[in-house]
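Here we start with a single chain on its own, the form predicted on its own, put down as structure tokens.
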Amino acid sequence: MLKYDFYARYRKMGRAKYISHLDMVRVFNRVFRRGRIPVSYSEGFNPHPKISFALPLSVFYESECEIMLFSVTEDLSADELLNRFAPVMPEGLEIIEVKAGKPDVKHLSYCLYDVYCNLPSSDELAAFLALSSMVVPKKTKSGIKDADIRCDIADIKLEDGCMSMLLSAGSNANLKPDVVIKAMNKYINGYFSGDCEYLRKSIYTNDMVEI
């Protein structure tokens, strides 16, 4: 059977930040049914829709740049697919655009986040970034272990009311901003971030090409 590859960029905001990755898969399965979108299925004893997500987002994070890859069995245009998605998306989820083909997700290397919290001073941030080592507990495939995260911080800037963090992402290294916040609370004397809100802004390849 013929299949046509597409990918969609979508926002995950508001109450949708409480949806886990596994539940997000279920949400989009329903979206495809309700939107009469002829998604292709895998073969075998337990067929499932051929959809996948680039760098699945953690619970409690919002995003303006999530990427979903999927295939359909009919020769539909990207505009037609976007029109079918629009009326059936649940609250907090919005498809921004649909494009034909597959993005270069194997070479994703960085994510840009905005972090809203109590901000350090510019001098405190500069001293933090000057550290050669930042060892904090980090979740890994084999459990929570101490890890040196310094090499995975590409840049941190103070923006208007938030911190902008460019961090390593992908299969080889994946640093989340909440771990960086733990390091700041540990290494910046007298600093406490307070409760934080996280927004993923962009995803980049190793050549800093935005996906």
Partner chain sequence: MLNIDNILKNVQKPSAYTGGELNSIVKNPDEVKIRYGFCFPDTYEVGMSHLGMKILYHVLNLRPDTWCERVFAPWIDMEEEMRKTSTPLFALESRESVRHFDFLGFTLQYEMSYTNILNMLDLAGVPLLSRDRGEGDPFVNAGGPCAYNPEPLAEVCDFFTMGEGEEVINELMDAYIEWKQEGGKRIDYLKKIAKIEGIYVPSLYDVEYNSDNTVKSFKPNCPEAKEKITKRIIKNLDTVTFPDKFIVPYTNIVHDRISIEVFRGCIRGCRFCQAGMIYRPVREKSYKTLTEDAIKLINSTGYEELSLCSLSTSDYTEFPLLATELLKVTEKEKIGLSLPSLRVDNFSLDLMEKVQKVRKTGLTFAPEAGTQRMRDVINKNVTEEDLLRSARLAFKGGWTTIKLYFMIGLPYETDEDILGIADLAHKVVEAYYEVSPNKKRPPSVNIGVSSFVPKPFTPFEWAGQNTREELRRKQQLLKNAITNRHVKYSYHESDVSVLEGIFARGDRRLNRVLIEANALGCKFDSWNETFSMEKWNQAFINAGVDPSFYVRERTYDDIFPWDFVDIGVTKEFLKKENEKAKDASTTPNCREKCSGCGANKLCEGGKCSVKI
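None of these values were measured; they are calculated from a predicted model. Positions refer to the first chain, counted from 1.
If you look for the form predicted together with its partner chain, you will not find it shown, but the lines that follow are about it.
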Its partner chain isn't shown here, but in the predicted bound form, which of 138-146, 151-159, 41-49, 173-181 has heavy atoms within 4.5 Å of it? 41-49
Test of understanding: in the predicted bound form, would residue 201 fall inside 4.5 Å of its partner chain by heavy atoms? no
Heavy atom to heavy atom, is residue 19 within 4.5 Å of its partner chain in the predicted bound form? yes
If you check in the predicted bound form, is residue 126 within 4.5 Å of its partner chain, heavy atoms only? no
Taking any heavy atom pair closer than or equal to 4.5 Å as contact, tell me whether residue 101 reaches its partner chain in the predicted bound form. no
Contact check in the predicted bound form: 27, 30 and 196 versus its partner chain, with a cutoff of 4.5 Å between any heavy atoms. Do all three pass? yes
Students should find that, of 88, 78, 96, 131, the residue having a non-hydrogen atom no more than 4.5 angstroms from its partner chain in the predicted bound form is 88
